[in-house]
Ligand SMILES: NC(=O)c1ccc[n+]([C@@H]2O[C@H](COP(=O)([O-])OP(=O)(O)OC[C@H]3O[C@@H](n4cnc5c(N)ncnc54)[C@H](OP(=O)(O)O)[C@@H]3O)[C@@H](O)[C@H]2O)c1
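So this first bit is one chain, no partners, the form predicted on its own, shown in structure tokens.
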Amino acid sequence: MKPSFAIIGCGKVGMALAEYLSKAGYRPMGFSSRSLASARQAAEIAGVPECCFENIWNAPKTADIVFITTPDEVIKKSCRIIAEHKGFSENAVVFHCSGALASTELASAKSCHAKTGVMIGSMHPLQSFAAIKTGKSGNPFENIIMAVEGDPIAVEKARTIAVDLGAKPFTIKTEGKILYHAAAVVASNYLVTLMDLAIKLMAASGVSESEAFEILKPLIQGTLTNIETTGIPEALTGPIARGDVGIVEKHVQAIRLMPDRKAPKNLNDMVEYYSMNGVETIKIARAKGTLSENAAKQLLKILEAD
């Protein structure tokens, strides 16, 4: 028999867990949220409409596994309130799903049953839940990566849960959680920012902005494939990898001279962003071995001029 579970915080992730844990055979026991309507909806999705609670400490009392899927800033507070009201069952395992916060945010749960011990951990689905519509978009956990950390027993449970949800778990160090999250932000959020610059530059060249992404898409996909198959240094191509100082200098000049009406942001900011990325790219080109020291110095002189 699969463990029972409760969810505190019935937003997008909480709703998804309610549905797909139930479908995986886990037994729903209680749901609570800032909005009672949300808790009721999650309970109905899980097939137990009667298991919604206004007070958060009542929802997890009989659950083997508790997920606190509130906003990050209230995870610690929510856990403390439940612990103060003895809301965790003996030998319960308590998780949160924050990407940035470590399992130590849940330390207060351990005070609930000092002798038998409550275990704590975190399970972070490395995926955006922004567009998920429960029951309509398929399993949002299917084949995604799930980062887990915490007490050894909690990690073991988390890995099992992740697999049961259809995800692929990997374990990280508790003290490395914030750097893991920084990496995810760079890979996802900063990629969006980088693509914004690329699309704006493409549009400034005369291409319709609505067509710019489709034009760049094969190049993006090819680059990702090259990174996957050959690694970072070998995947690097282009003028910096070749040491083409003249082309890079023309890039900087052209961006600086863009008409204001075509500039998506302050021109100095655009030049600075292009140059900053160029400086980091020089390091990768040197690691690849295709950029001479002399060319690197010339490129740095151009890119650091601003």
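One-based numbering along the sequence shown. No experiment lies behind these values; they were computed from the predicted model shown.
If you look for the form predicted in complex with the ligand, you will not find it shown, but the lines that follow are about it.
Asker: Among 246 to 254, 277 to 285, 45 to 53, 27 to 35, which stretch has residues with heavy atoms no more than 4.5 Å from the ligand in the predicted bound form?
Answerer: Every other range fails; the passing one is 27 to 35.
Asker: Does at least one non-hydrogen atom of Pro71 fall within 4.5 angstroms of the ligand in the predicted bound form?
Answerer: Output for Pro71 is yes: heavy atoms within 4.5 Å of the ligand.
Asker: How about Leu201 - does it come within 4.5 Å of the ligand in the predicted bound form, if we only consider non-hydrogen atoms?
Answerer: Residue-level check for Leu201: no, no contact with the ligand.
Asker: With the cut-off set at 4.5 Å between non-hydrogen atoms, does Val13 touch the ligand in the predicted bound form?
Answerer: The answer is yes: Val13 has a heavy atom within 4.5 Å of the ligand.
Asker: Classify Gly166 as contacting or not contacting the ligand in the predicted bound form by the rule of any non-hydrogen atom within 4.5 angstroms, answering yes or no.
Answerer: Contact check for Gly166: no, nothing within 4.5 Å of the ligand in the predicted bound form.
Asker: Check for me: heavy atom within 4.5 Å of the ligand in the predicted bound form, for each of Ser89, Ala92 and Thr174, yes or no.
Answerer: Checking in the predicted bound form: none of Ser89, Ala92 and Thr174 is within 4.5 Å of the ligand.
Asker: I need to confirm a contact call. Of Phe213, Phe170, Tyr190, Phe129, which residue comes within 4.5 Å of the ligand in the predicted bound form, counting heavy atoms only?
Answerer: It is Phe129.
Asker: To verify the annotation, which of these, Cys97, Ile161, Cys112, Ala154, has a non-hydrogen atom within 4.5 Å of the ligand in the predicted bound form?
Answerer: Only one option qualifies, and that one is Cys97.
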